[in-house]
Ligand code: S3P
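Here's a solo chain for you in C-alpha cells, the form predicted on its own.
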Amino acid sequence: MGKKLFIENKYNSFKKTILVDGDKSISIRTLLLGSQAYGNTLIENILLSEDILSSINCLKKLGVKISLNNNKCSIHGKGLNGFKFKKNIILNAGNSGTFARLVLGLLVKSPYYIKLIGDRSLSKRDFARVILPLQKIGATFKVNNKKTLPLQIIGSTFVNPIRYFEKRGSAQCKSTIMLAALNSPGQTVIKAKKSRDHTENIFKHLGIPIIVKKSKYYDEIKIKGQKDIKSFKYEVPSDPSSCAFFVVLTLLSKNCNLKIQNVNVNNSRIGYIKILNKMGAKIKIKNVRTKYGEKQADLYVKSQPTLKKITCPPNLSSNLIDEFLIIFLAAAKASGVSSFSNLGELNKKESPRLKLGSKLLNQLGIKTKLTKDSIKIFGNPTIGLKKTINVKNYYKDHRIFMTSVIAAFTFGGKWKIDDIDSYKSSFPSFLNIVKKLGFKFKIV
C-alpha cells in the first residue's frame, strides 16, 4: 500500500511570503534547447521534480552531459542535432507528457529507431497530435492503433519544412513542430490556436529566426531552421500553475494575506487569476518586469469571504487547463451556479480530470451537472464538512492530490488521501509550503 495523508484540523489565519518552485514548462523547454546549443548552458532555479529528473535522464541517454548542483543545471551541448544516436536507445519520460511530446521534435534526424516509454498514466495519453505533423516533417513511427506509448521513432536525412494548422490549442504540439523545424532547411509555418507561448519567447531570446503574427484566436509562427544556437544562461521563474493552489487556499480561508514572489505572469498562464478576479477575488499583480522575454511579478492575495458565480469564457479554456480543478473548488464555495465549457482536453491529461473533479465535488456534497466537455457547479458558500472524505483511485494524478489537500483545509471534515507521492512529479515543495503556512497533517 502507498502512503496516505490524514488531515483532521483547519488553521485559518496566516500572513506569509512564499517562493514557489520553478516553472515546469520553462524548465523542460530550456533543458531541450540547452541540449541543442553549442557550449555550456546554465539554468538556475530549475524545477527539481520527478518529471524534470526523468527529462534529464533521457537527455543523458542521448549523449548530453548534464550536471545538477541544488537547483542549478549545467548542460554541455554539442550544437544542433548534437545527440549521440545509438541503436536500441530507450527513453523513459516517466509522467512527463510535455517532455515526451517535445523531445520527439528533436529526434527527427535519428538514424536509428528510438523507443519512447512512460509510466502507466502517460501511456494512456494521446500522441497522435504530434505524430501526424512529425510524419509530414519526415519521421517514421511504430505505434499502436491508439497512438499511445510505447512508440518508436526513426528520423530522416532530410527534414521537410511544412505548413501546419494546429487547431487544438496544444502548446505541446506547436512546440514539437517548432523544435523539429530547427533541423529543417527553409521556412516552417504554423497556424496555431492560442496557447502558452513559452517556446516562442525562448526562441526569440536565443536569436533563433522566428516571426510571430498574432490575431484574436490564432497565431502564425514562421521559423527558419538550421541556425546554430549559442549557449545561454536562464533563471526560471516560479510556476503559476503551482501558485494557483495557494492562491485559492488563501481566498477560501479566513483573515489571510499571502505574497508569492517572482511568478511567471505570462498572459497565457494567468487565466485563472482573471477568472478568480471576475468571481470577486482581489488578486493583485505587482512589480511586473520582463526577463528572457517572459513577464515576472509578485502576486498579492487576500481572503475573500464571498465569491460570485462565473460563466467561464470558453476561449480561456486552453489557458486554464491545468488550473481548472482548483478553480472548481472556488466555484464550489461561490454563490450561485458556475458554468465551465470546452473542457474535453481536461479528460486527456494525467487522468480523466473533468470526471474526477466532478466526483470530488460530489463527495463534498456539491451538486454538479456534467457532460463530456462541460460542468455546472452549484455553489454552497456556507459549506462546512464534518464527515470523513476518502480520496482514492485517481490515477495518482498530482493535481487531484493537491486540490484535495486544499479542499481539506478550507472545507473541513476528516480526510484520507491516497498516493501522496504523486505531487512530487510537478511540485516537490508543495507539502513543505503547506507546513510553512501553519497547516498540519499526518503521513501514514
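The structure displayed is predicted, hence computed values, not measured ones. So that there is no doubt, residue numbering starts at 1 and follows the sequence shown.
Below: the form predicted together with shikimate-3-phosphate, not depicted.
Chemist: Heavy atom within 4.5 Å of shikimate-3-phosphate in the model of the complex: which of K349, H76, K295, K309?
Modeler: Only one option qualifies, and that one is K349.
Chemist: Answer with one of I321, V236, V159, L179: the residue that has a non-hydrogen atom within 4.5 Å of shikimate-3-phosphate in the model of the complex.
Modeler: Filtering the options by heavy-atom distance leaves I321.
Chemist: Could you tell me which of 373 to 381, 24 to 32, 415 to 423, 55 to 63 sits within 4.5 Å of shikimate-3-phosphate in the model of the complex, going by non-hydrogen atoms?
Modeler: One stretch meets the cut-off, namely 24 to 32.
Chemist: Give a yes/no on whether K333 approaches shikimate-3-phosphate to within 4.5 Å in the model of the complex, heavy atoms considered.
Modeler: Flag for K333 set to no.
Chemist: Under a 4.5 Å heavy atom criterion, is A171 part of the interface with shikimate-3-phosphate in the model of the complex?
Modeler: The answer is yes: A171 has a heavy atom within 4.5 Å of shikimate-3-phosphate.
Chemist: Heavy atom to heavy atom, is R129 within 4.5 Å of shikimate-3-phosphate in the model of the complex?
Modeler: Yes.
Chemist: Please check if T368 has a heavy atom lying within 4.5 Å of any heavy atom of shikimate-3-phosphate in the model of the complex.
Modeler: Contact check for T368: no, nothing within 4.5 Å of shikimate-3-phosphate in the model of the complex.
Chemist: Could you pull out the residues of 397 to 411 that have any heavy atom within 4.5 Å of shikimate-3-phosphate in the model of the complex?
Modeler: Residue within 4.5 Å: R399, and no other.
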